[in-house]
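Presented as structure tokens, the chain that follows is alone, the form predicted alone.
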Amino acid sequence: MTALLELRRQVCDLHAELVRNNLVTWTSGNVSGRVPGEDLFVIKASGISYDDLTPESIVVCDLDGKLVDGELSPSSDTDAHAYVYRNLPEVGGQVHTHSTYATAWAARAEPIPCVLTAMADEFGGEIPVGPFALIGDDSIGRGIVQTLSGHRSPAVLMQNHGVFTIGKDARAAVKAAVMCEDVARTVHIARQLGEPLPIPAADIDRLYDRYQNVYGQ
């Protein structure tokens, strides 16, 4: 119970990063986190203002997306999150946003090309586009898993929808969402000036390995 309470607090607090980095509007977007050692995850309740979020408005669901603890209805994206957790056991956290620049790429169904070293570091290549899918069942989750399986990117642009990111935990997924919007904006601006220069695949591999395995403490 102590671990679950702490996870609810962490996931609640991480939603502030979505607001701080201008990734969400009104009540859209969500963060979820897998409960370690349990077939459960926590996720933002549906339609709750970010200003009103508390650990109690982070509800607990099983891996079929069914509410198991909490007084509020879970996010409308719960079935998508549940499908990802069921099928990608290495994933410990997820984020969904409609951040402006990344979602603009999604509206064009266009992957973001790897033309920045920061992209090579975090995403290991381009940020791919997933298929169009309607909210209401696990179709979005299926598209996420289909697109990211075997891909180094922790982010996918779901066509005509927005950004979904995964990570080893909720914080890592939030970081990927923040960086996804940042590079989407930069590459968009670069294309107004001309065609960005691609980074050779071998250099992307070297940059990705350094950042993932050497960089930091």
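Position 1 is the first residue in the sequence shown; the rest follow in order. Owing to the predicted nature of the structure, the values given are computational and were not obtained by experimental measurement.
Just so it is clear, the following notes concern the form predicted in complex with another copy of the chain, a form of the same protein that is not shown.
Undergrad: Find out whether any non-hydrogen atom of V35 is located within 4.5 angstroms of another copy of the chain in the model of the complex, and reply yes or no.
TA: Output for V35 is no: heavy atoms all beyond 4.5 Å of another copy of the chain.
Undergrad: Check C61 for me: does it contact another copy of the chain in the model of the complex (non-hydrogen atoms, 4.5 angstroms)?
TA: Result no; C61 lies far from another copy of the chain in the model of the complex.
Undergrad: Hey, in the model of the complex, does Q217 get a heavy atom within 4.5 angstroms of another copy of the chain?
TA: Yes, contact at 4.5 Å.
Undergrad: For T117, is any heavy atom within 4.5 Å of another copy of the chain in the model of the complex, or not?
TA: Residue-level check for T117: yes, a contact with another copy of the chain.
Undergrad: If the cut-off is 4.5 angstroms on heavy atoms, which of these, L148, L53, V178, I166, is the one near another copy of the chain in the model of the complex?
TA: Of the candidates L148, L53, V178, I166, V178 is the one lying within 4.5 Å of another copy of the chain in the model of the complex.
Undergrad: Which residues in 169-190 have a heavy atom within 4.5 Å of another copy of the chain in the model of the complex?
TA: Counting only heavy atoms within 4.5 Å of another copy of the chain in the model of the complex, the contacting residues of 169-190 are R171, V174, K175, V178, M179, D182, R185, T186, H188, I189, A190.
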